[in-house]
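Here's a solo chain for you in structure tokens, the form predicted on its own.
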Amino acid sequence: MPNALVLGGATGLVGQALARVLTANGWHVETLGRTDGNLLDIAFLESRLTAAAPDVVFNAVAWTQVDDAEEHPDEALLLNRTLPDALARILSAQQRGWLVHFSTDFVFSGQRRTPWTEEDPPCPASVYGKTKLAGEQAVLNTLPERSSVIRSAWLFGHGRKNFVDTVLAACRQRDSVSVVHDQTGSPTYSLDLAHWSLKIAEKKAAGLWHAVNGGQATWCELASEANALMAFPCRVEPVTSAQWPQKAVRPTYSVLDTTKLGNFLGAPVRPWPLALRDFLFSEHQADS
């Protein structure tokens, strides 16, 4: 039985999905989060990794408050760059274990209209994106032959509040909701991401990976599809980013190309509308 240590596995959106899928596939899973101790204390982190003796460490802990990162860049850097760097260094020193680290579409500028591949040079426009890129680079530089960096985007799933939950809660209570229509990305189901991540870990597939559901959508299109599936009597009305000002600059087009992942899996990833339907109607979907 392989051992996994999942950072963020008890409370995180990605971490909980990973813990569920790994367990269902015969892995022994331990979780580690910020409530368990100071993850930035190297001695504490090293002791937990030593005790768990993981075959694979999945790092799903991050500073994900995109706007708050603009006002707290040092704190965001600690979680998004210092922590994954520490994990990579500890595993390198211990000479065992694989590291799967999760990153984001925000490493790209979004200033074009074709999907971004793993070979495209990143150019983040926000503190969040810059710190996540720094984390990617730290992992791949420190542990190049025993690490996978998985970029994902626009996550929805069970166990933690997300955009789909938020917009549907508003649609239940209101006659109309306004949602941005000029940002386009890759909606992704956390359980699908967990399954892909497991396969990457099992095959020890090193390097950068883009892992998102197929197709693309604006936030308004994602909200409209979710609202239509639930048949709420609510209008989803498009607004521009300028009408919904935020502190951090968002990529206008951050769709991730999954050709590499599809070739690896032997089949294209499923489209996001099918994944969204499973999320909304198949909470007890089989894990494997």
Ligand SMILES: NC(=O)c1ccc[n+]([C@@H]2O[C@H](COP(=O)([O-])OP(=O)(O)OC[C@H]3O[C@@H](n4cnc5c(N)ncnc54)[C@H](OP(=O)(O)O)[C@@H]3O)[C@@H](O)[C@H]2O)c1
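Here the structure is a predicted model, which is why all the values come from computation and not from measurement. Sequential numbering from 1, following the sequence displayed.
One more form of this protein, predicted in complex with the ligand, exists but is not displayed; see below.
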item	value
Full three-residue contact with the ligand in the predicted bound form, heavy atom 4.5 Å, for 99, 140 and 149	no
Listed residue (103, 126, 216, 197) with a non-hydrogen atom within 4.5 angstroms of the ligand in the predicted bound form	103
Proximity of residue 252 to the ligand in the predicted bound form, heavy atoms at 4.5 Å	no
is_contact(residue 64, the ligand) in the predicted bound form, heavy atom dist at most 4.5 Å	yes
Non-hydrogen atom contact residue 79 with the ligand in the predicted bound form at 4.5 angstroms	yes
4.5 Å heavy atom contact, residue 13 and the ligand in the predicted bound form	yes
Option from 107-115, 171-179, 198-206, 154-162 whose residues, in the predicted bound form, bring a heavy atom within 4.5 Å of the ligand	154-162
